[in-house]
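A single chain, nothing else alongside it, follows as structure tokens in the form predicted alone.
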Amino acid sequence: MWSNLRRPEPARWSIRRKLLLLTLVLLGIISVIALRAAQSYSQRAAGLSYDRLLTGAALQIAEHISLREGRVVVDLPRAAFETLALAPEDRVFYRVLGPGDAHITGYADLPFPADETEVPQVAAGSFRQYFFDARYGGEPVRFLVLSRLLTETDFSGAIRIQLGQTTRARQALAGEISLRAAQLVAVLFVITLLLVSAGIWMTLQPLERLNRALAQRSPVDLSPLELAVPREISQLVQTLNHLMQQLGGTLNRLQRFTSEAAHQIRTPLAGLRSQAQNARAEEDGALRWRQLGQVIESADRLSDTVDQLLKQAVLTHRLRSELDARVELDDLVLEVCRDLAVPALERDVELAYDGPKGVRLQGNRFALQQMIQNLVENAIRYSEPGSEVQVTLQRDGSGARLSVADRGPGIPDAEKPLVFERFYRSPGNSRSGSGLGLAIAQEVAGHHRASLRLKDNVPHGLVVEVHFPSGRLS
């Protein structure tokens, strides 16, 4: 018994949660990019700072190199090493090479690049310098090579100063800068997330108010919503108001239709009961027979009314739920005429059709069939025996025209606007009917943007014309 019950749908993510997740993802991506950029900047900044210290120390050493009696004399300045001593955890290595790379002083086994020509060199006045990284003494070391040309009257040659420093201090500086940047990014991340969360909450407040306004409404309250909301949500409110207006109109029509239908069914039922009681109590056989005939006639009228009510209910539903499609209008009219040919002959009425081929219409086939059937049935019902009902389909520059002409009593001009109302029957009409045929035809014509009008037939009778505009033809 429980297998047919619908399972509850899984909880779906709210808009707030989706926006927060998207914000977290975006902030995470931005934070990672910012941290990478900060790390790269810290490495460059620390490297540039300590490279400048190396350059300053090397220049001080270079200024204390001189020639005496053709010999290179190096007087290492104390200030140069004091500058490098600003990084107390680092070790410093130096070497001075004379012409022909002859070792003068310092560490003789300091490394050089494998190919010095591939190392970018910078010229600054009478000096040329370049930096490179290598390992020495089991530690990574940053080296600077500074070249200078010494010339005298009896001597000319280039000297090279190689100065190196381990990278502990610069790595510590880069790490400290990265840590500060990470702290700043974390603070900005939290502040941005809080601000975005507050912004999301404020943005969704109009939807919350709209939800509360709808939840607090009575089920029968279909009046328009009046809320002060942003422009984007105002379109949703307008759509909801339009929907409630349509729903209110549908409910009003349904209530009116139900009331009218109940009245139209209740009256024949009361007549049936009264006629049946009279027939049961009547002792005259001939009179009883006539009373039973009236019972049958009332039952037929009630059956016709119920049938038309059901058709109109189905028709209204299908017009609202189905999309229009291409309909072969000429084939549809011919099909209806063939179906009603036998009932017409039974009433001694000739049914004729005349129309071209290839008249196509964009519309609802079921609704069009009901409209044509009602028009032709009405024409047959009200035609005199031995007369003819002429169904004509024509196509012209303005669209297509369907006409149904009969030779019946016709409709007075004063009553022509009234016959399109549901359940309306002319006071002088003695034939059975529900009063819904032309009302249904009018509803179908309106759905297809067609005009329906009544004209007098000459010398007597009625012509019903339905004009479909060219915009509906295909």
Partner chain sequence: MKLRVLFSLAILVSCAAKAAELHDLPAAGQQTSALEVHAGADFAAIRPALEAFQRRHPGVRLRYHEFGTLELYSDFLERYPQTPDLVMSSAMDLQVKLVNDGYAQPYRSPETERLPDWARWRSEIFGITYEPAVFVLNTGFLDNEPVPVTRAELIDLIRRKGDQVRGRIGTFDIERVGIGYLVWSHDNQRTASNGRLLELFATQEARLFTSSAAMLSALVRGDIVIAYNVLGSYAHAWAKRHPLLTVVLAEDYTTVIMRTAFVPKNARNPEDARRFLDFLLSNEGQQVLADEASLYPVRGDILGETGASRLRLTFNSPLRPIPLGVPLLVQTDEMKRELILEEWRRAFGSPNRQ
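Residue numbers count along the first chain shown, from 1. In this text the structure is predicted, and so the values were computed from the model without any measurement.
Another form exists, predicted in complex with the partner chain; not displayed. Remarks below refer to it.
Exactly one listed residue, out of 175, 77, 343, 356, brings a non-hydrogen atom to within 4.5 Å of the partner chain in the model of the complex: 77.
Shown without its partner, this chain lists 81, 366, 130, 127 as candidates; in the model of the complex, only 81 has a non-hydrogen atom within 4.5 angstroms of the partner chain. Although the partner is absent here, residue 139 sits close enough that one of its heavy atoms falls within 4.5 Å of the partner chain in the model of the complex. Mapping the unseen interface onto this chain, residue 162 falls outside it, with no heavy atom inside 4.5 Å of the partner chain in the model of the complex. Using a 4.5 Å cutoff between non-hydrogen atoms, residue 73 counts as a contact of the partner chain in the model of the complex. Using a 4.5 angstroms limit between non-hydrogen atoms, residue 88 touches the partner chain in the model of the complex. Heavy atoms of no residue among 44, 135 and 189 are located within 4.5 Å of the partner chain in the model of the complex.
Listed stretches are 231 to 239, 163 to 171, 400 to 408, 293 to 301; the contact stretch with the partner chain in the model of the complex is 163 to 171, by a heavy atom cutoff of 4.5 Å.
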